[in-house]
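What follows are structure tokens for two forms of the same protein chain, given separately as structure 1 and structure 2.
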Structure 1
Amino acid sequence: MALTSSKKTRCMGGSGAGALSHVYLQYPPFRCNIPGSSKMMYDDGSRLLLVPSPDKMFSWPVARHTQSNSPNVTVVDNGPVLGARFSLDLTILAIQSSDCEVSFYNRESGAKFKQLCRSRRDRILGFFWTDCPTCDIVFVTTGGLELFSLAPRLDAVKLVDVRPLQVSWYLYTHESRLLLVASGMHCRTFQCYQFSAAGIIRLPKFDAGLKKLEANRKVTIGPEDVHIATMYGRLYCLQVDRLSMELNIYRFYRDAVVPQGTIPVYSETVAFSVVDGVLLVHQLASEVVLLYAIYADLKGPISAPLPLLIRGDSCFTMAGCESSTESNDILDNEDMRTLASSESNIYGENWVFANPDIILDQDHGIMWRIHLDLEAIATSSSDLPSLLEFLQRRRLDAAVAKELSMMVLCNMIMEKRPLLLISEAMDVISMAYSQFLRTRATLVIAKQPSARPQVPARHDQRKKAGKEDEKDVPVSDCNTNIIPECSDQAQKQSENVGSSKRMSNATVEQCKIAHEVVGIVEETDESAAHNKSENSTGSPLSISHNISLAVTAVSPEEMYHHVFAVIDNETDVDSSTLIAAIIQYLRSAASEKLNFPVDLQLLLIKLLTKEKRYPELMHLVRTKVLEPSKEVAKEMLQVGKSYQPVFMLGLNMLRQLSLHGDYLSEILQQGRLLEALRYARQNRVEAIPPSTFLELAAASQDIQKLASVMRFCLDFVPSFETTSEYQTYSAVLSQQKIVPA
């Protein structure tokens, strides 16, 4: 499928300029050059890039288009840095300096304090901050989990709970709030917890899937073999079986971890990224990327394997990079030459793939961000309805996805694709816009003051103890409440629940679709009915008030202006194909109860008239595919000058719409004067003055008809005898010696 593009990019990867790729790294990257630093770390909780030096911690906020601005600097003690994370309000920096101690630095008050591991026999494997009401920070040790809360004055932590558990290694992502710990002799048993604003949920244990049991008997699974992914509001565990060369995919529910299937891998070493809900499987040995959209059944990749390239807009030049580095002293000419020589070295040995779409090049001090090339994906796709469904789910590049969706529809119609294919595409577009309208309405309701989540009392006390002007800084727009949901079967069994519960479930579903980065631990069929009553009175779903809903859905107005009208203006368009496409869209939009513009209906009438397909036009009117309106009725009357049955349908439409004045005007033009009088009397129409009826009667040269109109006016028009029309036409009748009957 050929798609035109206005995008001007340059490729700088190993495949050379003009090479095609479905994912790319945006040039220029974020680069830092801190003296004495040996590594970079990405804190996904606070969304900060952290670079430690011997006595300082440098941090930059990571946005979609991160610039090399001056970093924030926190003075710390000299020593090793095994791990570092900022609290979610960016107030406290925690640094793990050894396997038994974590140091805390309050950036506002300057307070410093430390916390040792609870047991000397255990080692601290890592830690993370949470927005869970139970605790503020969690230490993951070889002996289990240690949960701490901050003191009201933020100068100490207090142990609130201990979860004994054998831990070999762990994974945690703030996006999902999910902690996965591995245990067992070969680290094949996984235990998961979710720490969210709704509390702590312990998920069932499950074992890693290995097909070749004999060969895998002594294989130990490491953290590099497992990945936590959040895709389209669902939580998944990805586990690599290196001997079978397969990727096992599990989906998390409240009471079970359900295998979703396997997909093949083609490299012994793989890495994972998630960009806008799309799973990227990096085949490191072959240096290609496979894309999977896992929002329904587990299917194959959505595109062919292609390399990862580095791209930059034509407006980015080396001179521009130099100008941005003069003030920040982050880049220099030597660094830029080093970057240019390293661009061909894709998938370097010290590349670190951070969740969800960050790449840290430790060798060169570079942070890359992965992007999807929607235009390349659309160009290489042959399944157009699936492509449209994929584009309609995009959130990061919503404008590009919408433009491509309309372009795909235009090409389908102009290329005369099969009508069944066009119908499927129209269904995708209509359902996506209908879903968008429902989601927008739900967000408006959720943002009402009564629907705002209550701040835990523990945080209220902490704020009162601090400065009065101190405010929490929200750094994550993720929904952190866990709302258990039922599968399709359980929902069918509980159709008789109250309307309030149905509204709650609908709210959850709409918000889940609107914020696809939100991980929700759902229920399976077995426990849905049991937990439904327990959760029916739970707190409403919390939504961050700074969220803007990305709009990829194509409205009916946009379909008319950017698809159908554009095609109609082309000179070599087959009208019959365009007519069929419009009819299919109207049918699809009507099934979703969408309001489509009158201009689209007028266009369809014009095309049918051009083809002289009057019976089909009448059928569309009778079946309400063309909805009654004044504009449609007027157009039908105009067309009816060449085909009388169409004219009569237009008149009937005016009557159905109670447009009495327009209806009377039309029948009066046809000379149906007495019928017009009866209609005006029955419907009490006063829009047309009596003079109009009298003039038409006088022009007919029928004196009896004029007398009938005079009698009508005397009987039904108040004070008619005092008007000039009465005097004029009474004189005419008197000359003929006729008295109004």
Structure 2
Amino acid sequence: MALTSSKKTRCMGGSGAGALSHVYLQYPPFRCNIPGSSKMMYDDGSRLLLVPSPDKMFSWPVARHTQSNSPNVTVVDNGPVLGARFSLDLTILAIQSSDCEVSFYNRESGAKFKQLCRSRRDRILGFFWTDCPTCDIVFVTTGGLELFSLAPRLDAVKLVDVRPLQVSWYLYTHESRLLLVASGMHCRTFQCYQFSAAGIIRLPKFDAGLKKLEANRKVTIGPEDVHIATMYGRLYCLQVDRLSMELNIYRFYRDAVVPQGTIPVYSETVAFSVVDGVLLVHQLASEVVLLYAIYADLKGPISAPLPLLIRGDSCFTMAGCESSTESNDILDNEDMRTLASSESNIYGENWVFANPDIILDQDHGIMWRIHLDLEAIATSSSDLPSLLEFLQRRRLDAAVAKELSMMVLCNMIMEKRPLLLISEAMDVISMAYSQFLRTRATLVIAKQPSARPQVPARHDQRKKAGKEDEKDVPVSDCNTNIIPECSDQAQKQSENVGSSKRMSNATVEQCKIAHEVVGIVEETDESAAHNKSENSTGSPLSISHNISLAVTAVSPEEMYHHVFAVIDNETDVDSSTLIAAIIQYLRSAASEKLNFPVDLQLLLIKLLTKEKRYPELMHLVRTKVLEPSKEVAKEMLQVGKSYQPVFMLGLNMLRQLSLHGDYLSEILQQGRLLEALRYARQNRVEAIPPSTFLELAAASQDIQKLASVMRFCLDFVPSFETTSEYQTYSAVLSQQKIVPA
């Protein structure tokens, strides 16, 4: 089986064509050549790349796989730009121009306004837009959080709330809606807030984990040591302990922050990216990347450390502009030339790793996006069930992951891997598919449009375009659906805790319960966020991505067509191996209550017949592994020609299914004429004309039989006397002097 979308990857520059990597930067990168600009900013809330120039702000939407197009330009006042973010509906651009002031520019009405921070003594460290119901924009100052909401006419902001807090520095990612604030002398105490659509949730404080306390006493933790990562819809905090060369991982729950363990780091400085839920730890000193799939528990890296490479995707460029190949080539060459100077600069000094998978090369004005090379990971992995699990969890390159999964399965069976391994692999596949069915069912329910009074009215006002409407509804829907249940449970839980007077320390078990509850919220958040991103980016490429979002899971039908049938067509495959593999698959599918495709059942019958394992075949029919169906019954009748009991089973199956026509023609073929007549009368089968019976009776040379059939027809076929058959056959009978009255 060949990968249909097999990537003809070519490696650029000096890294050579044969170089291996598990992650790569997609060539060509996004470039911006804005004269007079020195800085690139990625706004993860609006998913825009912002580049300020003295009096303008250029912005490009950043979507997966999209090429650079002309930027949006917003005219702004001349002045320094310390930070800039677009509001989530992209109407208002906020620019932090000094330590104490943020300017707002309404892109649609052209209105301008400013907001100072509340106290003169505090400095604004940064700000972000949020979609939580209580406020629209949050300033993080050295004195705490200031929550503002937009005035109805979008011409001012109004202070809603203040949370006094000592802040040294902060981190915020829109993906997680999580704000992490560091305080304390060495910035080791972290306080987190989640600005979710359900409101603001304050998470318990926690301290940075540092081993070697003595040596670490004077070490101050900076924002570059801490990272908020969203992996598989779960929120984690990653914190580097430089002295012991370890990465501490914490997971956020609604009411707890639980250490998950540590993984070693091999470089003084590390950077993080998250691509499709996979954590990439860039070991900057050694210039290699380690990949971790943190799902159930901490395991080692999923692959060997390999460098980050730049790759061009020839398929992509060709498909992109087939009409203008020549000009494209020129452009390509140009790109290559300009790249040549900067390309040796992987992990350059001025690389900024933006959340989750964006890299900004400030020196060259280049934006890279990191991609996983699933094929490379698949070929280098030896633990196949885990590999399949990994592939099944892909959401971005779902189509590739799916094909790889099926290919891995095919190879496993053809290479006669141990059956236990195959069995585990089948479990993974079936579980992923039933998981997919379940999430699809819940999504369908959540997407059903319904008027929700719970959604705040203010929220509605802000929605301008219909598109905006679409993208917001799932979020609020999911949350309004889930939250009450969740808070109920949380309440119960706290009651329990209160009664047992162990309020102070949340035990691990409680966290596990909390995990179940919050996990749901988080995951729906995540899927809603997915929806959002897909709806808001209108390019056709991301729409196809939208479709493929669903399809990593391999359905039973696909298992048949792309795995079992393919193997069956190979010449040198041992049928008993294939039978065993199919049985393993059916077992896993049955335990997940998936249906068995008829084609697969037929294949199983065929293989068992080939091996002459009739008793097992019959056992499978009796235990309903091979479900009664017309196709199965027909196949059994076919097989039964060489083994009578199977034939009988098939015949009985036809009868059970009330396939009267087929049943009758089968027993007529056997010459069981009278039985067929009785059956036809009992079940009122009228499809078979009397002449068929009469001909068969006449052909049997049994005059008595013919007389019986005649009698039957006279009694039960209306106006039989008038037909020509009556004339013909009564003549035959009268010759024998047996004339039915």
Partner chain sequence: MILVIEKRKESGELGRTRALQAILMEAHGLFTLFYGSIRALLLNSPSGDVARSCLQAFLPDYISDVMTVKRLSMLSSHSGLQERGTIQMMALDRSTALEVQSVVDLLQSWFGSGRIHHTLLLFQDLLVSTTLPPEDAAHLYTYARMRLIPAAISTSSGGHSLKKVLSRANSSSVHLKASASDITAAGQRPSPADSSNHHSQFFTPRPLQHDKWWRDNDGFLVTDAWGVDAQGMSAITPTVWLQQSSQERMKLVAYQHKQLTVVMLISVMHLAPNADGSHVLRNQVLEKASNKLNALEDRLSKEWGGINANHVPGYRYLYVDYDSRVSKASPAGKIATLTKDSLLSLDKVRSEIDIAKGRCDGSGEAQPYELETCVRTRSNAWVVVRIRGNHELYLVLERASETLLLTAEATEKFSRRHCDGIFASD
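Basically, rigid core = biggest C-alpha set you can superpose within 1.5 Å across the two forms. Predicted, not measured: the structure shown is a model, and the values here were computed from it. One-based numbering along structure 1's sequence throughout.
For the form predicted in complex with its partner chain, the corresponding chain is the one labelled structure 2. Rigid-body motion between the two structures puts a hinge in the chain; from the set Lys56, Thr134, Arg655, Pro597, that hinge position is held by Pro597. Domain rotation between the two structures: smaller rigid part turned by 9 degrees relative to the larger, from C-alpha superpositions. Superposing the two forms on their core, we find that the Cα atom of Thr623 is displaced by 2.7 Å between the two structures.
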